[in-house]
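Shown next as structure tokens: one chain only, the form predicted on its own.
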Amino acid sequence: MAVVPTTAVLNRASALVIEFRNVGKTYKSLLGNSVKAVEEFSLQVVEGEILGIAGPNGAGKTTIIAMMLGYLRPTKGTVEINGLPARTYIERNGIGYLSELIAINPKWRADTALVRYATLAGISDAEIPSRVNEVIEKLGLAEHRDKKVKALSKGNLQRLGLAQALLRDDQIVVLDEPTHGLDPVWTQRFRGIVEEMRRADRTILIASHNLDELQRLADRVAIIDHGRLQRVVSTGYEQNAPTATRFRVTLAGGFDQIRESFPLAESAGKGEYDVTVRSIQELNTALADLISRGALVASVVPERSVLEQQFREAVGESQ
């Protein structure tokens, strides 16, 4: 996994879609006090990319998304989408958006809510029934479509929110904490939905506290803390990339061979050993040696994902 410089310019042939250029946002209270929510934030997102946004509470993620959606104006710098001011682009083209807090009229029925959102999104009357039925099917809401919103469980309400975000075939989709409230089954299905949405002309932003989800879904993850972009991490592993985490190797046999291949292996009990390596290549070389000695390797699991390690380092929690 590679760390991209915090200027966060992605060097690839795909067209630039979203650009934050030296963006800052300062809030002022009625008493005249100033609070800097975002400072010197620069980031480029290209067509076809799934970008994750991660950071602790209060890091500035919500403000950054609000500026990209045109809800807030930057105090300094610019936010552009396809070369237009963010608000102008969204007013002209729209965007798929799931907010962190879903607020839907509790008296509406689920399908009625989707029809009304589809109307607001500018979907033609002729297309609305098919689009509503499609997202209801995709999000497994068929048995809940006649229920009032107030009768939906937290997980079903979250799925309804996802459904409205997918009503239009938008080229840009922003999902803020999309798996919040979902059970394990629907968390898994959500991953499939995102992969289905991936295409060369669509850009997806996912803000989440769930680093495992971002590791699985995103191409890159922007780590934010104290209103600043700390680093941008590629979620793809590279052969010789430094690896800061330990791995737990579980053996089903050949236990006496572990320290021949991993001299500093630490026993964790029941055939499990913690090993430290400097790269993925070194890990594989040692594993190949271990297997050649007759050991049976049952599993190899990182102590923590590289994204998690990078996150902890970026926000000052490295151990």
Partner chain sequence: MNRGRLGKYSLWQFRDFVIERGIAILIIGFLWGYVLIAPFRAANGPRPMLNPSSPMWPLLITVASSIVSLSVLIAVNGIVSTDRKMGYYRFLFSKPVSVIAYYVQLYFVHMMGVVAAMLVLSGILRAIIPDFSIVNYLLYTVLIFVAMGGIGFFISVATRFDWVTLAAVWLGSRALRDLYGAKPGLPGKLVQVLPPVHRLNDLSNSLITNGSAHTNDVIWLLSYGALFFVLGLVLLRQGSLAD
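Positions refer to the first chain, counted from 1. Treat the numbers as computed from the prediction; the structure is a model and nothing was measured.
Keep in mind that the form predicted together with its partner chain is missing from the display, and what follows is about it.
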| property | result |
| --- | --- |
| Any non-hydrogen atom of Gly94 within 4.5 angstroms of its partner chain in the predicted complex | yes |
| 4.5 Å heavy atom contact, Glu213 and its partner chain in the predicted complex | no |
| Close approach of Arg168 to its partner chain in the predicted complex, 4.5 Å, heavy atom | yes |
| 4.5 Å heavy atom contact, Gly122 to its partner chain in the predicted complex | yes |
| Residue among Leu84, Ile193, Ile128, Leu182 with a heavy atom within 4.5 Å of its partner chain in the predicted complex | Ile128 |
| Position in contact with its partner chain when the complex is considered in the predicted complex, options Thr78, Thr187, Thr112, Thr245, heavy atoms within 4.5 Å | Thr112 |
| Heavy atom distance at most 4.5 Å to its partner chain in the predicted complex, all of Lys25, Arg73 and Asn105 | yes |
| Location of its partner chain contact in the predicted complex, chosen stretch of 228 to 236, 245 to 253, 112 to 120, 131 to 139 [non-hydrogen atom, 4.5 Å] | 112 to 120 |
